[in-house]
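Single chain ahead, written as structure tokens, the form predicted alone.
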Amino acid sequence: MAPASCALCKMSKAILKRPKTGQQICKDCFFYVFETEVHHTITTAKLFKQGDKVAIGASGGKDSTVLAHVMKTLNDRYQYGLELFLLSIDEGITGYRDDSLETVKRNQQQYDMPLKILSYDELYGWTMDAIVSQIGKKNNCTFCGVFRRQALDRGAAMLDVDHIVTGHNADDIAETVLMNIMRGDIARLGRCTMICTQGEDTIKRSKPFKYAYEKEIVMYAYFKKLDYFSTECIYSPDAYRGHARAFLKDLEAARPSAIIDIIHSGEAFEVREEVKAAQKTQQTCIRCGYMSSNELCKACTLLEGLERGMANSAITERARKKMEASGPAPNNMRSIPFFQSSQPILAVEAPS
């Protein structure tokens, strides 16, 4: 039997079947429809405007590497007029993050983008290796997630960018919807499907891959021969998210549209007014100045637990001196302050 022709161009031989649609298409058509769908997501949500400075959260993994490649491609093709940067967070995981950062450094050369690397050790005085050695592998992802989110905001402020984009894909978002349902976390369920989020004093953060299937991202990276790091984090196999991921894969096997269906269901959820009223109002952490719903933000609360009986600091003295050495920040930016105690010691500015 002769090989099927591409369902789109009708000319070339089909070499893959899209997990998202089931279409049998050729390689070039797959590249085009994948990129065009991401472009449609970006333009429909009006994520960017001409002249925006955008930091791509780069881990060296498949999602962020494909995101960097696609963002550069679309920026050139459709003349978005964006200034793109790579922003990497070094969690301090020996044999994993140190190796993946070498991939990011190669990506910097391949995509010709400036790169900023910021480490947990610089900001918090703790690496993930040190945290796991103290608390064990259970719940370590909680520490990492909280620290990384704040570190991305800090790094973006240092780069003076307007926007952070991350490689979270459709599978990730569907998993998060399932996790929030299983935990009964109504507040997060109401916002976890949002393509773009922005706190009162934080930089805009968005997910251009919101509707992109993980399998298609892998296929794109493979056929494009992109340089990415494929090893899984050594501390993540015990994460709670893994249960949601396994359940989602079973659902997808029975019904490929399950991923998008779950996302659309999450988008349709409405949080009752009395639930919204019960949610805590945003304030700033009394120690580090980061946005928080309590006196201490989550990062400082976790650090306090780690450093109980030790020097009580949210941002290390070494980090403070390094920040001060970089010189004063522009006056026309709103600040994301760093604290060592209850008094501010340095303000790193973020764009207005």
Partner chain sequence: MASDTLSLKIEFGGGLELLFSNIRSHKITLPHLVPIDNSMDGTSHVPSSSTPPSATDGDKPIKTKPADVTYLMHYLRDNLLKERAELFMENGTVRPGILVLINDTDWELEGEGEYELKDGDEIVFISTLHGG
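Residue numbers count along the first chain shown, from 1. For clarity, every value in this text was computed on a predicted model and none was experimentally measured.
Keep in mind the form predicted together with the partner chain is missing from the figure; the text below concerns it.
Peer 1: Would you mind picking the one in R205, R245, R149, H168 that has a heavy atom within 4.5 Å of the partner chain in the predicted complex?
Peer 2: Selected residue: R245.
Peer 1: With the partner chain left out of view, which of V132, M219, L74, V177 would have a heavy atom within 4.5 Å of it in the predicted complex?
Peer 2: Here the answer is residue option M219.
Peer 1: With the partner removed from view, which of 158-166, 187-195, 121-129, 209-217 is the stretch that lies within 4.5 Å of the partner chain in the predicted complex, judged by heavy atom distances?
Peer 2: Contact criterion met by 209-217 only.
Peer 1: Does T231 reach the partner chain in the predicted complex if we count a contact as any heavy atom within 4.5 Å?
Peer 2: Flag for T231 set to yes.
Peer 1: I'd like to know whether R97 contacts the partner chain in the predicted complex, with contact meaning heavy atoms within 4.5 angstroms.
Peer 2: Yes, R97 lies within 4.5 Å of the partner chain in the predicted complex.
Peer 1: If you check in the predicted complex, is R106 within 4.5 Å of the partner chain, heavy atoms only?
Peer 2: It does not: once the partner chain is placed as it appears in the predicted complex, R106 has no heavy atom within 4.5 Å of it.
Peer 1: Examine Q24 and determine whether its closest non-hydrogen atom to the partner chain in the predicted complex is within 4.5 angstroms.
Peer 2: Contact with the partner chain, yes.
Peer 1: Quick one: name the residues from 5-19 with any non-hydrogen atom within 4.5 angstroms of the partner chain in the predicted complex.
Peer 2: Contacting residues: K13, A14, I15, L16, K17.
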